[in-house]
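Heads up, the chain below is alone and in the form predicted alone; it's given as structure tokens.
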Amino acid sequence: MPPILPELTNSINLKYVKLGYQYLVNHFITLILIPITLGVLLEAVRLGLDELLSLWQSLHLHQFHVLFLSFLVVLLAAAYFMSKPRTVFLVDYACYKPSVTLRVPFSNFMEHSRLILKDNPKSVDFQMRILERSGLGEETCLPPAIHYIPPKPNMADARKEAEIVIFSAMESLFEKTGLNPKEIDILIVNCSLFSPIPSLSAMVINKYKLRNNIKSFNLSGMGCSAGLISVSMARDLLQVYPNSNAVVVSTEIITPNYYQGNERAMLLPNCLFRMGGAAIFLSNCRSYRSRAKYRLLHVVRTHKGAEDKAYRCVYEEQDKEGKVGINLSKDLMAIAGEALKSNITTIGPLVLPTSEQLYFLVMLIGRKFFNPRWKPYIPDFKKAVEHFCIHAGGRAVIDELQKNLQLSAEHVEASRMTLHQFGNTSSSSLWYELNYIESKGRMKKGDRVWQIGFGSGFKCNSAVWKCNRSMEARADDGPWADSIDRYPVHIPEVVKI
């Protein structure tokens, strides 16, 4: 069977490697000045005070020269510290945990499908085959409106779902962090398929009576990777506004987007997408340095929308009967592979050890200019990061990323178990995965975690965080509170329904 994603070892585009190395070039002066400064200080310590005074007197400097040099040193130091990016801390986050009354076991899902699609048994069989191989478990949840037979999605129910998910996550975040809503300076809400007027960000502002000078943003239509786009946007805003707090809310509202037609490509999302949401508290205030969970190191965004196939591979449209749904192209996995390839070759130079970077670069140049038959070297990202949060978009995505990045079963455990317990919760899935790692007690101080998300357009975005403090295994709060002890579980290739 041919691979779903293209083998990363088959081709590496040199231009994306150049993009990554530009980051290093941009910081070249800093990398040079630091060792020189340390060398000068060590030499001064070795010489001693008397030797330094003797050397100073031998220079016969005029007072004007001394003042000028002092001014120059102060100016350079000020320019350095002013241009240095502000550190962005992830203080804490909270994930929405659906009520047990919203669970959709396989038997319920298929009963609904048979009743809704009673005139098209082939579509019912198709959904059953997808569900059997999806990697989802029996406890995933759908919103109340979808539980009706037939489903009755409307604007009021969609707003109700948004309020349930977003407000629950926000309340949990306030409880965990002690954050006062009036202390929020920046609010970013991302939800791809539900964009009402007033916006979801306005809904949050109204609910919690946030300040009238808050900087609020509402992102829509950006797919499952929109959560990391929101993090990137928050980071950029926190560079501009000092001593500020930002809250990012990531979710997807299922109610108005449940497809009730017969097109197979548009029925697939019904089998995978489930309720979920997360609220993330970011800050550049130094007062949060000691209590923050993580520090943001890098965000890399890759967009393939200039290519027609990539642009249309996840496409909202009407079927022949006029029913709206999301059409997933058969080229989706190949396009996702190309986007991933571009993203990892850009982020590689930022996170990989020098030895890995040099070996990778030498092999790449060798294949490019000397012998194309040389086997490409894929850097070992396990040497750069300890934990991986791969978007739980589906079983096939996780399988192929595990294979191509040469990851162990434990590295992708958080992604597989999140897909099993919660389904594809779109942009918020990365935070359920991170919480799984924490709940298992695996996150230690100094560990780095790599979040990878895919989205329509087509986009591949990733973020790398560094853990500020070790976290003990906890099962008393969070989305995994009543299930973490049962995981990991064995997920068979096919679950017979």
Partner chain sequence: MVLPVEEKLVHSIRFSSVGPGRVTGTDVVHHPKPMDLAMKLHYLRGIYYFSGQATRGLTTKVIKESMFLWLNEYYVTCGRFRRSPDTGRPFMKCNDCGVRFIEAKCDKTIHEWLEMLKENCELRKLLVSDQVIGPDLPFSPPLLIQITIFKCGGFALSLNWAHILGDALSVVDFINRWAQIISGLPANGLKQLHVSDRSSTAQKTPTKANQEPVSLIPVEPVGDMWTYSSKCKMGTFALHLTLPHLKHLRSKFFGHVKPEKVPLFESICAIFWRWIADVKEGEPQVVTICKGDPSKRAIRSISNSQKISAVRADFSVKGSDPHELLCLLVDRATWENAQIEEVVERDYGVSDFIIYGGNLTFVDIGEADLYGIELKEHKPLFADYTIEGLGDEGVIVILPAPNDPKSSGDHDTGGMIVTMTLPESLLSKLKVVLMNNGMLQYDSIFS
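Residue numbers count along the first chain shown, from 1. These numbers come from a predicted model, not from an experiment.
FYI, the form predicted in complex with the partner chain isn't displayed, but the following is about it.
Chemist: By the heavy atom within 4.5 Å rule, which residue out of 175, 111, 316, 236 makes contact with the partner chain in the predicted complex?
Modeler: Among 175, 111, 316, 236, a heavy atom within 4.5 Å of the partner chain in the predicted complex occurs only for 111.
Chemist: Counting non-hydrogen atoms within 4.5 angstroms of the partner chain in the predicted complex, say which of 354, 371, 101, 213 makes the cut.
Modeler: Selected option: 101.
Chemist: Want to guess which of 140 to 148, 392 to 400, 217 to 225, 363 to 371 is within 4.5 Å of the partner chain in the predicted complex, heavy atoms only?
Modeler: Answer to the contact question: 140 to 148.
Chemist: Classify residue 496 as contacting or not contacting the partner chain in the predicted complex by the rule of any non-hydrogen atom within 4.5 angstroms, answering yes or no.
Modeler: Yes, contact at 4.5 Å.
Chemist: Give a yes/no on whether residue 105 approaches the partner chain to within 4.5 Å in the predicted complex, heavy atoms considered.
Modeler: Looking in the predicted complex, residue contacts with the partner chain include residue 105, since a heavy atom lies within 4.5 Å.
Chemist: Does residue 115 reach the partner chain in the predicted complex, with heavy atoms at most 4.5 Å apart?
Modeler: Looking in the predicted complex, residue contacts with the partner chain include residue 115, since a heavy atom lies within 4.5 Å.
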